[in-house]
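Only one chain is included here, represented as structure tokens and corresponding to the form predicted on its own.
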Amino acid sequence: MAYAASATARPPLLDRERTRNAAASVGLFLAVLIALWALWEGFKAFGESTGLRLGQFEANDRTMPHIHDIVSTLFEPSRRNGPLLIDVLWDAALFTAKEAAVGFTLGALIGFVLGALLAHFVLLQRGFLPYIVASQTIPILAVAPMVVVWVNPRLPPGLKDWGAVAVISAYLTFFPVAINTLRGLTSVDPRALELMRSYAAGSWKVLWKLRVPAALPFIFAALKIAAPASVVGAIIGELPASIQNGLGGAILNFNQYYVTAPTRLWATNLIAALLGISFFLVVLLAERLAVRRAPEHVA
């Protein structure tokens, strides 16, 4: 009876603990946000009052607009008698999110398959891994125009232009996924691997029953890095593709008016940052669901 009572008492305790942890995470996030806000405004006030200059940088309303001015700009018309800036940036963020989501999915799949192949074939790993690493030493600004020129003519009309941007996004995504997948798949306990082989388990079954579950922490760590990177790749890829519908086009547009309206460019950067954070949070949620459904948590 005592054991049954303790067993029934565990779920409410776990729920309360999770609630406390969630409240602590939200409180910490708000505290850091307020601290960054205060640091920004404090440095700006200090720089303006003392005339501080760091090289060519000078703290003023052009280089460091007030945070509340940046936020309030979102709710002002983007042009005379035009829609609000937040509506324009919302549509641009959705367009960029489509490109980044396709690129992230494509890059994650390519990275996982590549990591699995390298983990299974040691000779292939020794031959191709240096070239995979070298591919990331090329600046993305140099790769993006070439990808647009190569890929665009080969895409159907519905994917033209933004499909090439998704490929650029995938280029930034596949590398961390491939490297971490390789690291995770080869980190299996040798005793567990020997046990699977003693039961005459094939390579496919060893991969999905043993190696992949062991590699999940590595894979999700890579996905959390790759998710915001896919957004960056999509924004950068929109520039050589001459796409005006996404955040890249908005950044390029408002950059031309930075001297007279710097808050609009800062507001665009804020929306881009929030888009990258939202991608990260989606991966974090997927990780929580995958870990919760793992065999050791289902008993």
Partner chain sequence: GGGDEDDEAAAEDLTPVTLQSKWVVQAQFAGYYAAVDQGFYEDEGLDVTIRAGGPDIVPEQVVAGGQAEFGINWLDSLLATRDQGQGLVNIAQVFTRSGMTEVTWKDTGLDEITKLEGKKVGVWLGGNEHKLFAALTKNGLDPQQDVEIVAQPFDMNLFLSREVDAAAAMTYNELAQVLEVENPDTGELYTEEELNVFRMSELGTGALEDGIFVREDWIADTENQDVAKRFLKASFRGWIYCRDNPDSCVDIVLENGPTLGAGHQAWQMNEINDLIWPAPLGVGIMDPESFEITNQIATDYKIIKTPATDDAYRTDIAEAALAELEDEDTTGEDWEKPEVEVTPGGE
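Positions refer to the first chain, counted from 1. In this text, the rigid core denotes the largest set of C-alpha atoms whose superposition between the two forms falls within 1.5 Å. Small disclaimer: the values here were computed from a predicted structure and weren't measured.
If you look for the form predicted in complex with the partner chain, you will not find it shown, but the lines that follow are about it.
In the model of the complex, none of the heavy atoms of residue 68 sits within 4.5 Å of a heavy atom of the partner chain.
Residue contact check for residue 259: one or more of its heavy atoms lie within 4.5 Å of the partner chain in the model of the complex. Contact annotation for residue 148: at least one heavy atom lies within 4.5 Å of the partner chain in the model of the complex.
A residue is said to contact a partner when one of its heavy atoms sits within 4.5 Å of a partner heavy atom; residue 242 meets this definition for the partner chain in the model of the complex. Heavy atoms closer than or equal to 4.5 Å to the partner chain in the model of the complex belong, across 72 to 86, to the residues 78, 79, 80, ordered by sequence position. In a rigid-core overlay of the protein, residue 260 has its C-alpha displaced by at least 2 Å between this form and the one not shown. The two forms, fitted on the rigid core, differ between this form and the one not shown by less than 2 Å at the CA of residue 50.
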